[in-house]
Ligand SMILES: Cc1cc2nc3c(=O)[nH]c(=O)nc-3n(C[C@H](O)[C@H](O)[C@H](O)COP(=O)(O)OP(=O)(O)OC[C@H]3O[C@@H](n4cnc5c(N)ncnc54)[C@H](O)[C@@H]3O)c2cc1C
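Only one chain comes next, encoded as structure tokens, the form predicted alone.
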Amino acid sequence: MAQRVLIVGASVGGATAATTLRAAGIETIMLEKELVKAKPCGGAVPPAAFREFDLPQQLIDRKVKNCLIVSPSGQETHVPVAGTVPTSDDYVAMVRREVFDGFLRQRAQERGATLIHGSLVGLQVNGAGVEARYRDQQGREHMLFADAVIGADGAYSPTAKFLGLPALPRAVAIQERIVLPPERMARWADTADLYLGYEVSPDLYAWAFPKRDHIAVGIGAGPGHTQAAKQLLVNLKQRLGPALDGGQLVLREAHALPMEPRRHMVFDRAMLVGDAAGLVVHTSGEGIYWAMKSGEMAAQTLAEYLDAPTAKNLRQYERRWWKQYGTMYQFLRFLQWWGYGNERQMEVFTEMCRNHDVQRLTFDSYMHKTMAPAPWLAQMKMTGDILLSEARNYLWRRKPVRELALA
């Protein structure tokens, strides 16, 4: 019997894993519970994803070349999207998940993967293989047998649950898609906005991202603040004010984001990728690229060890992952703690982003997914600017927008 892998979830991570497995000639089944509604998401993708995964440019709604960061007090920092060495890839791609995911899923099927529309309702892993039960759209239950399983099924991952793993701490993101008149839409032609402050996001950030014919306006709220998410979104729209005049709400959507990576992403005959593994980076909440990359790396490792898919063998995926990306994850986790810790730090963070070297190094790491080393003179200048900003904002507190409005 041919070797077979079951992938639970056919979004970006699952579809990429399926394409990678099919390239190795392995029979692959994708089980996806939702093929109609798009996964709610800000939809920012680095150009590295288009290079590494051979993605067509027509998937991009807009190429963002500028970023506006607004502090709690209304300070604005305008940041050009450009790396240390200017290239044609200096942009942030904005995509719609219904288009982006659909392409990846269709490509996996064209390469020979089988897609089943159903929900995982049971999973058993033993020495002989994997037994999975799923429920189809008519409510009927079926059994699937495979040699291994990849869980690519999001922050609430049923795969992880059936493996006996604890739930991860989660943030929640809520966004609205708003169609604007052309004269208003021009404001976001190639610009994405990030807003900081307790009234819009106590521990993450809020955004306004341009898409083909609308903007996505949303907020992120970490554990402990999720109950306030709806009000935070209302506050953001109030803060945007006249910029949304004439806008028409076409969709409201919400999703969960894991806030910590899992201690282990690999078990006997089982692997986790993307949100299911907790691979969302701090500071930005970025997950699309990381889901695709982890799906690819997990599938490559599984193809290598499918004759003996033990946790010991498959753990090579974890070792490769953290060797390549561990430093970046640790740094971005620190940056979230440092930059979003309180509103005075949010003011410092906004000012820090005016430093030319900070801008270049930030987009080097975002666009190319490498931690670019900073020359020591640049490090000294960045440190000096940060210390001055810390002193300025802690000695003379800036009033947040909400307090200024009441003054």
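Position 1 is the first residue in the sequence shown; the rest follow in order. The shown structure was predicted, so the numbers you read here are calculated from the model rather than taken from an experiment.
Below, we turn to the form predicted in complex with the named molecule, even though it does not appear here.
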Give me the residue from Pro72, Pro210, Gly287, Pro261 that has a heavy atom within 4.5 Å of the named molecule in the predicted bound form. Gly287
Interface check vs the named molecule in the predicted bound form: of Lys293, Arg177, Arg269, His255, the one with a heavy atom inside 4.5 Å is His255
Is it the case that Leu123, even though its partner is missing from this view, gets within 4.5 Å of the named molecule in the predicted bound form, heavy atoms only? no
Does any part of Leu240 reach within 4.5 Å of the named molecule in the predicted bound form? Heavy atoms only, please. no
When the contact criterion is heavy atoms within 4.5 Å, does Glu32 count as touching the named molecule in the predicted bound form? yes
Classify Val280 as contacting or not contacting the named molecule in the predicted bound form by the rule of any non-hydrogen atom within 4.5 angstroms, answering yes or no. yes
Only one of 152-160, 137-145, 82-90, 318-326 has residues with a heavy atom within 4.5 Å of the named molecule in the predicted bound form, and that stretch is 152-160
Neighbours of the named molecule in the predicted bound form among 28-47 [non-hydrogen atom within 4.5 angstroms]: Leu31, Glu32, Lys33, Glu34, Lys39, Pro40, Cys41, Gly42, Gly43, Ala44
